[in-house]
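Read the single chain below, which is given as structure tokens and is the form predicted on its own.
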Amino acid sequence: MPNRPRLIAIASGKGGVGKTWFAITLAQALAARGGPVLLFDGDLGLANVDVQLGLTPQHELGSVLSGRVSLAQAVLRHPEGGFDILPGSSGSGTLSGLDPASVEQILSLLRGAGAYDTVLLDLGAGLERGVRRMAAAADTLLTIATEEPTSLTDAYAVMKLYANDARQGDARILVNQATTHAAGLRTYETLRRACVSFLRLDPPLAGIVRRDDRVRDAIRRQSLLLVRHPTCAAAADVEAIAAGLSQRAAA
């Protein structure tokens, strides 16, 4: 379809794995590569992209769905990051509370956002029906895992449901907060082997983001990592992931 953006969903089976921070940083890294990017805050019950960035939106998703404003009127431009944000509806209920028609309305809205090359969906943590639907509908799913055993278990659950929900798709594993690159590779291989053995799914590695204290500093200061600490290890890792996603899209 002409002018159809690529939908990249970012999911995790549990909270606390750095999903929203990664979505924000990836949005900036992709935008820096030249294509217009929209970041959709899909964690509707606990929408916090704007909070993490210290922004105050005038409109949010609910205003668009109700027809009060257009998508173009609701998006919020990050002044330094070079990407747009569609804020979620914090406190209004999670995706599981939306009826299927409303979830499809959101997907139609995002698919029709032809002004963008890429739309990132920062999905809520967990395995709710709406989260599953959006993950399955995306062109690419990035499932975030860390070295914590509970994170691996929950990330496997995300991949299991994706294997059931998506007939054909591009699901990849991203390891965040890795103590070292080698440790991140071991985490990936552990999850990959489980997917191959039990799901007949062989997800490639999207990338590894090393643990970096400057990430915490950027979040605490409501700042973009690629602006505040552009040369740190985590920044380099996210930029490498953005490059890989861009190359796959071009191919």
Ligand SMILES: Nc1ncnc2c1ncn2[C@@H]1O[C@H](COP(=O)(O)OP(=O)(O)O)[C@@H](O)[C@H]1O
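Just count from 1 along the sequence shown to find any residue number. Quick caveat, the model's predicted, so the values are computed rather than measured.
From this point on, the text means the form predicted in complex with the ligand, which you will not see here.
The listed set Leu61, Leu38, Ala206, Val215 contains one residue whose heavy atoms approach the ligand in the predicted bound form to within 4.5 Å, identified as Val215.
The partner is not drawn, yet in the predicted bound form one stretch among 179-187, 62-70, 206-214, 193-201 has residues with heavy atoms inside 4.5 Å of the ligand: 206-214. Although the partner is absent here, Asn48 lies within 4.5 Å of the ligand in the predicted bound form, judged by heavy atoms. At the 4.5 Å threshold, heavy atoms of Ser223 stay clear of the ligand in the predicted bound form, well away from it. Among heavy atoms of Pro230, none comes within 4.5 Å of the ligand in the predicted bound form. Contact annotation for Leu53: none of its heavy atoms lies within 4.5 Å of the ligand in the predicted bound form.
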